[in-house]
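This document opens with one chain alone, in structure tokens, the form predicted alone.
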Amino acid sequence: MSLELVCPAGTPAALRAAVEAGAHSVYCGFRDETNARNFPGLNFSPDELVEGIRFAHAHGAKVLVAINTFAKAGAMDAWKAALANAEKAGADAVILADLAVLDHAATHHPDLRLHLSVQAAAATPEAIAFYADTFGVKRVVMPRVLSVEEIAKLNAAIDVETEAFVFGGLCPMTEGRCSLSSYATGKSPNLTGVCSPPEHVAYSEDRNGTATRLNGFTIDRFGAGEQAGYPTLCKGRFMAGGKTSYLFEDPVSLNAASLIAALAKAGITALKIEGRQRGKGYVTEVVRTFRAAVEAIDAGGTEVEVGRLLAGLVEGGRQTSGAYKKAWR
């Protein structure tokens, strides 16, 4: 069975670009706090989603709608509306994390295919069986803290499909469990769909270079002429134990292209590319390159040199295989 390539679409233009570049499936979200990429200028209105799904289906691609934040107590209307709008638009699946949202979907939208978001951080056979048995979840997106060997053991013990991230931004935290952004700004990807929100970002320059700040907190400093990165809290430089270093994670991008064959052997159904905040040019290049890599593996050939081909698109110009190899163990 061929690997499915699941690609990001932060805008209708990016959706069309992903489909035309060879995406088997595209994932996107509504323009509100129900999805974990709730940034200004991104996402879809209900009408745009209808048109996007029509375009994707006409080209043989599927559309998965991310409704993957955690609903607020006593204020679930937005999540209920998102589920209804996704089904009405003809979505091929919805990607969910919150228990109440999953329950509402299973009860009121029984024909809607359910995928479990990485935000749910389900990483044991028992947890996955609970979601599958209770809500009818058909696919689980693997947390980015598992090695290939751990994924293989997990797939041997479960009866649902699994999906793994292979390229893009790398969150070093167990998804759905990070409070760093909310500590600094009051907003988090888990509840409001935004990590290190742009309205709290500031850059200041002096003769020594550039300082990047998030809601007044200095996240990093860069020398004169050095490219200043986006101040994501977990990828900042901090002082601890008398040393200044990237305390949580270096500013690097995930690139697991060299592990595509190993992930397929481990039982992965679909490969996921992160990047709904990226433009259509980025989406086109990354999707086209990974589609060629997947087809090469499916045909029994050698792996495409994705790292070299996409070197200019990775964060900080550096790449990592993340926890898939767990060299730090």
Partner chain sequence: MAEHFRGELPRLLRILAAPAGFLPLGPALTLAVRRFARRKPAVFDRLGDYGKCSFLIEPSDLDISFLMVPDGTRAEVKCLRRRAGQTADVTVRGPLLVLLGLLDGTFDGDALFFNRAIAVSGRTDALVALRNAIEDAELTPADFVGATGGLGKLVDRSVIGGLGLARRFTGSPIPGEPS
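This structure is a prediction, so every number in the text was calculated from the model and none was measured. Positions refer to the first chain, counted from 1.
What follows is about the form predicted in complex with the partner chain, which we do not show.
A.B. asks: Counting only non-hydrogen atoms, choose the one of 40-48, 286-294, 259-267, 57-65 that falls within 4.5 Å of the partner chain in the predicted bound form.
C.D. replies: Checking each option against the 4.5 Å cut-off leaves 40-48.
A.B. asks: Quick check on Gly22: any heavy atom within 4.5 Å of the partner chain in the predicted bound form?
C.D. replies: Result no; Gly22 lies far from the partner chain in the predicted bound form.
A.B. asks: Does the partner chain come within 4.5 Å of any heavy atom of Ala156 in the predicted bound form?
C.D. replies: No.
A.B. asks: How about Pro198 - does it come within 4.5 Å of the partner chain in the predicted bound form, if we only consider non-hydrogen atoms?
C.D. replies: Flag for Pro198 set to yes.
A.B. asks: Applying a 4.5 Å heavy atom distance criterion, does Gly223 contact the partner chain in the predicted bound form?
C.D. replies: Yes, Gly223 sits close enough to the partner chain in the predicted bound form that at least one of its heavy atoms falls within 4.5 Å.
A.B. asks: Using a 4.5 Å heavy atom cutoff, which residues in 139-167 contact the partner chain in the predicted bound form? It's fine if the answer is none.
C.D. replies: Contacts from 139-167: none.
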